[in-house]
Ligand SMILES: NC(=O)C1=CN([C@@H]2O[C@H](COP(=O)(O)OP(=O)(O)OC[C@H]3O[C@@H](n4cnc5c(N)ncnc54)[C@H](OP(=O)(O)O)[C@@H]3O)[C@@H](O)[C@H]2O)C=CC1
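Given next, in structure tokens, is a single chain: the form predicted on its own.
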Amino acid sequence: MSSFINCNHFVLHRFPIMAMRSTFNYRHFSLHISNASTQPQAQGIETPPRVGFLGLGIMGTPMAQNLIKAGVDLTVWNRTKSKCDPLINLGAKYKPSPEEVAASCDLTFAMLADPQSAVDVALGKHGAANGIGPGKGYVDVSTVDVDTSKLINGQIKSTGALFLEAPVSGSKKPAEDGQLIFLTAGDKNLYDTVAPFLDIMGKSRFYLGDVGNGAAMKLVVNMIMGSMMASFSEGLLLSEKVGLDPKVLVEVISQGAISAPMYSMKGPSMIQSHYPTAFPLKHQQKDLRLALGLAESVSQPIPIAAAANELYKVAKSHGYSDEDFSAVIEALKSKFQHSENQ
């Protein structure tokens, strides 16, 4: 029976993020990897784990940077090779395919934009599944639907490797600050193994059991977030329409029971029709669409989310796909402008 990465002697204290990065080391992180064709390594040999990272977009790049800054031996890949260059300059290695990353690493993380990309990178030609095997682990931190996560899990496990889904709650700034929330499910041994790496990239982590639970939790969270932003947009525009100062509305909300960091963070720029991208609108709409599918699978009506999804679709049609998801307010502006011109 194949053994897996053993980190029983690894202890990671909850330091503030910068302090944690400066103290992370491998002295107590032992790898004991074996498969059917090789003998187990001698117990007690301390070998730094080789970690791969696939996908260097708006989230993947800062996550990978935090791993490098913490001293992790990191190998990276991205479809557009130029996005790897800043990380290579920081000390990362590079491989030209997910297959080669997975073959050369003990643990491989993947952060892809959508379900199809996650499947292609994991299971496609030169995908990670072709290079992974016994004694290795694959951690998909992308936001995908339950069926996609289960598909990737099945194929990865068929190679003898272990699988963990670990979608993140958080956007660009939390990724940069190492303040993400990981919603994990899958192999518990792999979860225990990768916990120190999750703690470098995030502020908290939840283990939710069987594969699919992490994906479902992330979709529910993003469904709520997307609906909240759509409602907030309505409030900002209505306050302005009736002669109130929307800036004061943001202040009032920030001091009441419905206060949320998202409102005070996004409100001022939304009032100025400025939407610096932390979480692309097209991804928010994708997550609402996936949440609607999840709800349909269990016959649960979610009419508020369904209405919000239509607003995000309108905003996409007006060219706001790559803007921050707070640009959904523009969908409401276009509706107002249309009604005024009739």
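Keep in mind the model is a prediction, meaning the values are calculated, not measured. Residue indices: 1-based, along the sequence shown.
What follows is about the form predicted in complex with the ligand, which we do not show.
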| query | finding |
| --- | --- |
| Whether I58, V121 and D287 all lie within 4.5 angstroms of the ligand in the predicted complex by heavy atom | yes |
| Proximity to the ligand in the predicted complex, single hit among R79, K157, K150, K203 (heavy atom within 4.5 Å) | R79 |
| In the predicted complex, the one of V146, L190, M217, A113 near the ligand [non-hydrogen atom within 4.5 angstroms] | A113 |
| Option from 194-202, 135-143, 249-257, 87-95 whose residues, in the predicted complex, bring a heavy atom within 4.5 Å of the ligand | 135-143 |
| Partner contact for S239 in the predicted complex: the ligand, 4.5 angstroms, heavy atom | no |
| is_contact(V168, the ligand) in the predicted complex, heavy atom dist at most 4.5 Å | yes |
| 4.5 Å heavy atom contact, K83 and the ligand in the predicted complex | yes |
| In the predicted complex, P49 touching the ligand (heavy atom, 4.5 Å) | no |
